[in-house]
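Taking the form predicted on its own, here's one chain by itself in structure tokens.
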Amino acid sequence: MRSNNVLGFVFAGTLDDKIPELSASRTTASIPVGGKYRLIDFVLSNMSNSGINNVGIVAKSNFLSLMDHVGSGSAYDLSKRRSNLTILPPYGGKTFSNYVETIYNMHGYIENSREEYVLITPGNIVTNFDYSTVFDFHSKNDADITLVYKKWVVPSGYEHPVTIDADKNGKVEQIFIKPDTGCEEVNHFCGTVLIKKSLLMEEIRNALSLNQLDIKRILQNAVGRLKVYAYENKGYCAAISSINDYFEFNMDLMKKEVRDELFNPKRPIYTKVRDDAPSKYGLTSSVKNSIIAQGCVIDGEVENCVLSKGVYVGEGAKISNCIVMQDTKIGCNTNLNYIIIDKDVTIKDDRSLMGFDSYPIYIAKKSVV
């Protein structure tokens, strides 16, 4: 199987209700991460690097930011003569409430594509992953469906994910939805599915005729009836499905081993380029263990923070364990700890705000504090 025979199908906003703070003015896939990236950058870069030339992005709502960011797809090498990036918004007053109805409503786009296979993936997965290894595994095993999973120790109190039981050859024996696993290691289904286009539409139409609208149930019912295999993503993988997931991932970027794995020069992560001047560090500035994008002006103290482009930190300010998005102004003599600050926020002088690592405080876009 050749990877250019695969249509990429990305669900950009299926988890908007899980992160209402960050998705109030944007879809999940366009949430800023790491100072200069968006979540969608990782998915699209992985597809482009794996040879997938045709990608459709399903946008549920609030997709202006997404459209502005991905543009024609040129940043991801997806706007050439034989490559294409398409935004698929709702139409005819319909809303996309689940995968099954959405795929059916998009059947014209899917069936008219030249590719024989479809790779379905959510837009909230952060990883640097070579999809061509999944294609090779799928072809070698003559699989009908291949699922991608990640070994994961479920944190105490966490809502249990969809998990997979497979034999030593990767053949799926059972799929569990929210199993009672305690804190043990599980094979966490990452939401990525490789399937032949004709089989996908057949399964979707059958599911609709039975009013079965949950794609997880379709996959469960396929086990034993079809050849369903599972492939492990052995690298770093984060699923951003809550404000805490978002905070923890950005803090993970402080670790060199995580940055080295995610930003592998052999498989680069692409993004829309915004030309800014280099960041400026004043005589009273101090920066430790932080990620600073270009265009920032720092006169205060910054530690364990991720600062996006154009952020200003005033003299005497002390910010630690914070995520600060684009063009935010932090006044003099402020004290911030465990804060997530959205774009274009103004924090006035002498303010003090503090959250906790398990409960970071969020400040909405364009707020004045």
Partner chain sequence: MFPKQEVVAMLLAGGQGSRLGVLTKKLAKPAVPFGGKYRIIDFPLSNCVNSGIEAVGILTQYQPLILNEYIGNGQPWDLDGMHSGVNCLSPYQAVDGADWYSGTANAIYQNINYIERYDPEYVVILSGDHIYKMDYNKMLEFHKDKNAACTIAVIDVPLEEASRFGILNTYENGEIYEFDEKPEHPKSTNASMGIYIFSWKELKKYLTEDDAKEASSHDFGKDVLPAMLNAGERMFAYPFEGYWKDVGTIDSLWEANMDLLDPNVTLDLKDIYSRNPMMPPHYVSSEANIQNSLVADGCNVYGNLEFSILFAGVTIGKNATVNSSIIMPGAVIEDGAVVQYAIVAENTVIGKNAVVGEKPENAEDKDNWGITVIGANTTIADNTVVKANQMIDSETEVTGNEK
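Owing to the predicted nature of the structure, the values given are computational and were not obtained by experimental measurement. Numbering follows the first chain given and starts at 1.
Here the subject shifts to the form predicted in complex with its partner chain, a form of this protein not shown in this document.
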**Study point:** Stretch in contact in the predicted bound form with its partner chain, which is absent here, among 133-141, 118-126, 262-270, 171-179 (heavy atoms within 4.5 Å)
**Key:** 262-270
Point to revise | Candidate spot L210, K216 and L226, all three touching its partner chain in the predicted bound form (heavy atom, 4.5 Å) | key: no
Review point. Does K256 reach its partner chain in the predicted bound form, with heavy atoms at most 4.5 Å apart?
Key: yes
Review point. Looking in the predicted bound form, any heavy atom of K60 within 4.5 Å of its partner chain?
Key: no
Point to revise | in the predicted bound form, G34 touching its partner chain (heavy atom, 4.5 Å) | key: yes
Review point. Would V162 show up as a contact with its partner chain in the predicted bound form if we use heavy atoms at 4.5 Å?
Key: no
Revision key, fill the gap. If we test each of E101, E248, D77, D276 for a heavy atom within 4.5 Å of its partner chain in the predicted bound form, the one that passes is D276
Check your understanding: Of V287, M201, I87, I243, which one comes within 4.5 Å of its partner chain in the predicted bound form, counting heavy atoms only?
Key -> V287
Revision key, fill the gap. Contact check, 282-298 vs its partner chain in the predicted bound form, heavy atom within 4.5 Å, ordered by sequence, gives G282, L283, S285, V287, K288, N289, S290, I291, I292, A293, Q294
